[in-house]
Ligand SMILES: Cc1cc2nc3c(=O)[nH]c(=O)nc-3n(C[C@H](O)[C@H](O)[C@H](O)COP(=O)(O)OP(=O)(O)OC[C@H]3O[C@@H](n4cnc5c(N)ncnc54)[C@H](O)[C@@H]3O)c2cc1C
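Before any questions on how it binds or moves, here is one chain, the form predicted alone, in structure tokens.
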Amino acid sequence: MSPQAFPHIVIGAGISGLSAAHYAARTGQDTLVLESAEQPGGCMCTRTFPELDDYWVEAGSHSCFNSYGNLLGIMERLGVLDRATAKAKQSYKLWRGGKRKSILSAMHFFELARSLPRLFGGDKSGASVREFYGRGLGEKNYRDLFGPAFRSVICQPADDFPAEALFRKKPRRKDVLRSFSMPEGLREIPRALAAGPGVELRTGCAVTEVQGEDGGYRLRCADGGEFRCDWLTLAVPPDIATGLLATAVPEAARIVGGIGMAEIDTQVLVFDKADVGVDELAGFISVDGSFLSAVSRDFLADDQLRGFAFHFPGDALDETARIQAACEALATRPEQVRAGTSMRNRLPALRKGHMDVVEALDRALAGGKVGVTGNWFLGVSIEDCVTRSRTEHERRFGALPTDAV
């Protein structure tokens, strides 16, 4: 049987892959998206509890911002930007020494005032997070507050993470909420992309091999299915990309093979409001606790329930121990949990000098029909993913139409 043929295939239905499919469809390249999981979204993962009237908690990405210009443009074209929902302003707490502390309790103000001029005048290029921010914020501030805060953002040790991939300044749209979610959680965005014109999504389809064939590519899946395409985009973690590129673009596979991954166990818990012993908050920055960070759903209050996602280093604790650690931080008990679930998240473990790796990869891909995108290029934010997908689209298919910019 001949493989099913498509002009363009994307492997991976996270925000990177779905935005790549959207851009291709906008320029007439009907696109098939193949996803190994049973639902799209990747790290944009909203967990819903039907037994609690579909109460939901974000288990991955938690916010979108009005500086996400490329994402906002896509949402406008799909007609979902007007569903953006304001998030209540709340503060984070520190979890240190088994106690909840204020952020200001860890600040060394004299050191900060002395160090800040070096931050504003510094160059991130080639520097690690510790080098750049330790110098610009002060070593004590970095140790006691900002280092743990950065670790909370990326859910992995931050010291050797490339400084230029942590935060990138982006212009803001004043006609859009500064920080927003969606009424049914951020999963609405990948779902809208997957249902967009010119995009076909097939879930539960794990691609195991990519071979060059007659100027295009043949894909083989774990279930025995085969597909063929003229253009191919990989939107998968670097370890998976390495295997898929091995035959199609071996030099690219060699370059990507050096990028590591961080494994994170996420514990999602829901409680009755009366059973949680802490006031509403944005979440926890963990200084020395067993978890990396925690984010609450208090930004979109419910009359009866409160939900939380605690992120732990992969395989550090079993589920019972994770629940116990979360309950300790929340001043409640495991028997008070109304509903919960756990999942494994995987994030790229970028290191100092990563931008040199990206430049080398781009040289290996130049002039070819294979594009590679994901959350391991410009940074780990949603907008960084979409921006990389757009760049890879324009490299191969040309500039987007004016109404798509």
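In case it trips you up, residue 1 is the first one in the sequence shown, and so on. All of these numbers come straight from a predicted model, not from anything done at the bench.
Just so it is clear, the following notes concern the form predicted in complex with this ligand, a form of the same protein that is not shown.
I need to confirm a contact call. Of Arg306, His311, Arg191, Arg322, which residue comes within 4.5 Å of this ligand in the predicted complex, counting heavy atoms only?
By the 4.5 Å criterion, the partner-contacting residue is His311.
Between the options Ala364, Cys43, Leu32, Val370, which residue brings a heavy atom to within 4.5 Å of this ligand in the predicted complex?
Selected option: Cys43.
Using a 4.5 Å heavy atom cut-off, are Tyr68, Cys155 and Cys205 all in contact with this ligand in the predicted complex?
Yes: each residue has a heavy atom within 4.5 Å of the partner.
At 4.5 Å between heavy atoms, only one of the stretches 94 to 102, 269 to 277, 232 to 240, 125 to 133 reaches this ligand in the predicted complex; which one is it?
Stretch 232 to 240 is the one.
Please tell me whether any heavy atom belonging to Gly340 falls inside 4.5 Å of a heavy atom of this ligand, as the geometry stands in the predicted complex.
Output for Gly340 is no: heavy atoms all beyond 4.5 Å of this ligand.
Counting only non-hydrogen atoms and a 4.5 angstroms cut-off, does Ser381 reach this ligand in the predicted complex?
Result yes; Ser381 sits at the interface with this ligand in the predicted complex.
Is there a heavy atom of His62 lying 4.5 Å or less from a heavy atom of this ligand in the predicted complex?
Taking the distances in the predicted complex, the answer for His62 is yes, it comes within 4.5 Å of this ligand.
Contact with this ligand in the predicted complex for Gln336, defined as at least one heavy atom pair within 4.5 Å: yes or no?
No, Gln336 sits far enough from this ligand in the predicted complex that none of its heavy atoms falls within 4.5 Å.
In the predicted complex, which residues of 11 to 29 put a heavy atom within 4.5 Å of this ligand?
Contacting residues: Ile11, Gly12, Ala13, Gly14, Ile15, Ser16, Gly17.
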